[in-house]
Structure formats: C-alpha cells, structure tokens
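This document starts with one chain, in the form predicted on its own, laid out as structure tokens.
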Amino acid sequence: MATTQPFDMVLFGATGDLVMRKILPALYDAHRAGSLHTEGRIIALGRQDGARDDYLAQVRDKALPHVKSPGTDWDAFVARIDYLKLDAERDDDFRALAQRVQRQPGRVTVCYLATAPRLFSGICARLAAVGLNHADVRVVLEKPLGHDLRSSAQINAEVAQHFNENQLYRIDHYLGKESVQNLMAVRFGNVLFEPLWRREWIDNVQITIAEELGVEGRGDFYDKTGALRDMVQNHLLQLLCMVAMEPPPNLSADAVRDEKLKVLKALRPFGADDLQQRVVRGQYRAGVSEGRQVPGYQDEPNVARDSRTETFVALRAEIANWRWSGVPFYLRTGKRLPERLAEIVVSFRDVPLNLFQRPASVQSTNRLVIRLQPEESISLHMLGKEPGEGMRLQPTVLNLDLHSASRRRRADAYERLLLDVIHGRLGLFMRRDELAAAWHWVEPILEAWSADDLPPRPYSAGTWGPAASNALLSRGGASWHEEI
C-alpha cells in the first residue's frame, strides 16, 4: 500500500477503550508496514490532566497488549504521539488545538471523533470556529450516529453546517474487512457467480454477527441502545447491501454508494400485521458461557432490573426488486451466544432432480460462506462422491484460499479504513442518505417495541438465542447455517 501524505491524526476521546484497543494498534501496524508518512503525527486528546509521558504510560498499559506482535519499531511509533488536554465543550481548548495542528500544503488533518455522539455537533462547530474545517480536514464519525431517525438527521444536519459531505467519514469497520471486499471481487470480477446471483438460483441469505461476550461493564450505554441500534441498523444492513447491490458502473465512492442506497430503499417496510412474524427480539438470562457461569442481562452492573432492552435480534428482510423478490435475507445478532462469529451465508437452490443418494441432514446443496471473524475466509460448500461403491454423496468444501493467493500483508479493518481516510477514499464509508435510509427502515420496529408491553424472549447465555429465531427460518423451510 502506498505511503500516505503527511498528516495530523487528531484523536478525540484518546483515553477511551476504542482508541486503545483498535485505533492505536491499527496505526502501529500501518507504521510498521511503512504505510505512514514519516511526517505523520498523532495528537491524542483527553480530559485528563497530565503530561505526554503520562499518556504514553497509558498507551503502554492499555494499547500495547492489543498489538499482535510489537517489534523494535514500537518506540519509533510512540515518538509520533503527542498529548493535549482538551474538553470538547470548551472553546479555549480548541484554540490550543489549532495552534498544535500543522497547516501546510499537502498535509492532511484527520479528526477522529471517538466520543459520545451527543458531542459530535459541538466538536465540529468548535473545529470550524478555529479554522479546522478547511478542505484538507477530514472528520471520522463513529457509531452510533444518533438514537433514531430524528436524532441522526439532526446530528448530520448540524455537522453539515461546518463540513462538506466529502469531508465526512462515517465509519463501519466491517466494510474494511478483506473478506467483505473480496465478496465484491469474487462476484463482480468473475463470470462464475454473477449469473447465479439472483432469485432464480438463490434460496436464502443469512448474515450473522454473534458475540460470546455480555455487556462487559458497558451496561449504562447498552441499556439505552440495544442490539437493533448497535448492530442491525449499521453493520448488518451494510453487509446486506454488499451482498444485494447491483454491479456499479465503476468503483468510485459515489457509484458504489448509489447502488447500496438503492438496496436500502428497496427493503420491504415492516407493517404492524407482519412484525411479529418477521422479527424476534431476545434477552439473555444466566447460563454458561466460555465454560463459566455468567449472570443474566438484568443482573449486569448498571442495567435496570426490569429492562426490556434486547440483546438479541433475528429478522427476515425482503428486497422488493427484480433480482431479489421472494428471497429472504435472515439477519441475526446477539450477545452471550456460543461463539464469536461473523459470516454471510448464501444458500443456493437445490438441483431440480436428485439422482444420487445424499445424507438426510443435507438441506442445501451449495452454499457460499463468507467468514468475517474470527478468521476471514470464503468457502464454497458442495456435494461430492463418497469414496467406495455406489453413488452416494457427501458434503465437501472448496476453500477459496485468498490468504495464500498473495504474499502481501493483509491490513485489518481499522488499519485499512484509517489509511483510506488519510488518502481521501470514501468508498468504504457511509453516505448521509444511506444512514437515513437505514434508520427509516428500522424505525417501525423501534416504535412497535416501545409501544409493546411484552418483554423480549428469554434465552440462556451460551445458546443461539430464543427458539423463535429457529422458527423464523423454519417457516421458510430453512435453518441457521450452524444447524445444517
């Protein structure tokens, strides 16, 4: 990957978990790979008093453990880091920041807002007030961008008063994963799959993002958010768009995002009459996870004892266009599930006439499985002849080994996206109208749950969610991938 131009990476919320676990380790990986310009600097902002050495001690304790294999160049990377005490609601602190940022021709300023979304508008206004909204400034906005359609629209409108749309990078780290981009390459770069990528040949699509962890000390945040806002409205819908979009005319940012927007606008809306049939919400109870007893959600710290916040969502989405009409897209996400897993499963229709014996458990002849985590891979599940006499079939897997196909180092999601921001590439970031369309689609679910007196369906920690999740698929003659 080409070396970036000189830059200042300004990290708001630099003492927080996201910066320590993801952003600084990703920047270190880019530094180690030689992808960062030698004159690139990192300006860490936080509300805590203390000198640069105090902050670097925090980096050593909190960020270094998340680096996969720190090398001798760690000290050279740390030399890029400066620290500035800044309160996001104090004008004077932004004047001090403006003096610290270097403004030179060809030098980029990236402001990464790893803060609560309620601070986004004020931060952008104060950046503009001190001149840090010129053409070479780029702003990265972390999710969740709003709590609902109205609040999201308000934040976007207020931010747009100070920055142009081409300066705003609404980040979804799942789009930075190599396997998601390989999905586009496999589909649009080969003649094999595209003719089959339609209702005539695909039976259903499943997209799962599962977590073994609970709320992990974030009960106060999560109890106000829930799985639908935290995962479905952004990550899962973005992955759905990548699967279902039409071939763009080119790979420019707006060409790709135009096609994703068409998918979001074609999603069949939820009506009060079919919401119960198409959506399942659950909440974990006490159980066994990772070999140990864990508490239920309502017993987690900072969670209301009568909370109705969902920790699990499964739903059936339908796309009302000629390519996908009648093909169910099953989306699922939850906490305290049996494993950490993110995958897309495209199940093709069966052959019209079975000539061979096959195991009774095999329900789908061919499946394309795009694994996003814990390890990234793409595999094609097929049937082959079982060795021996007769013509009995057995499942077999064709692994599309994209790891060994190239000896080039694979950047992780945050590293790739941070480099794209510095380079000014918008293709893997959400546009404002995409975000609005996604909120518009989930809004009826939020409204229905708010008016519903029924609590979420319980499921034991360490299981795959409520039984109703399985029934959601069985009504369409399918089952979740891990049960096939």
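Remember, predicted model here, so these are calculated numbers, not experimental data. Note that residue numbering follows the sequence shown and begins at 1.
Below, we refer to the form predicted in complex with a small molecule, which is not included among the displayed structures.
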| property | result |
| --- | --- |
| Candidate site H173, R218 and D230: all three near the small molecule in the model of the complex by heavy atom within 4.5 Å | yes |
| Contact assignment for the small molecule in the model of the complex, among D148, D93, E259, E211, heavy atom within 4.5 Å | E211 |
| Proximity to the small molecule in the model of the complex, single hit among R340, K265, R100, R323 (heavy atom within 4.5 Å) | R340 |
| Segment that reaches the small molecule in the model of the complex - one of 231-239, 302-310, 265-273, 251-259, heavy atoms within 4.5 Å | 231-239 |
| Partner proximity in the model of the complex: H162 to the small molecule, non-hydrogen atom cutoff 4.5 Å | no |
| Exercise: K335 in contact with the small molecule in the model of the complex, heavy atom 4.5 Å | yes |
| 4.5 Å heavy atom contact, K143 and the small molecule in the model of the complex | yes |
| Exercise: R187 in contact with the small molecule in the model of the complex, heavy atom 4.5 Å | no |
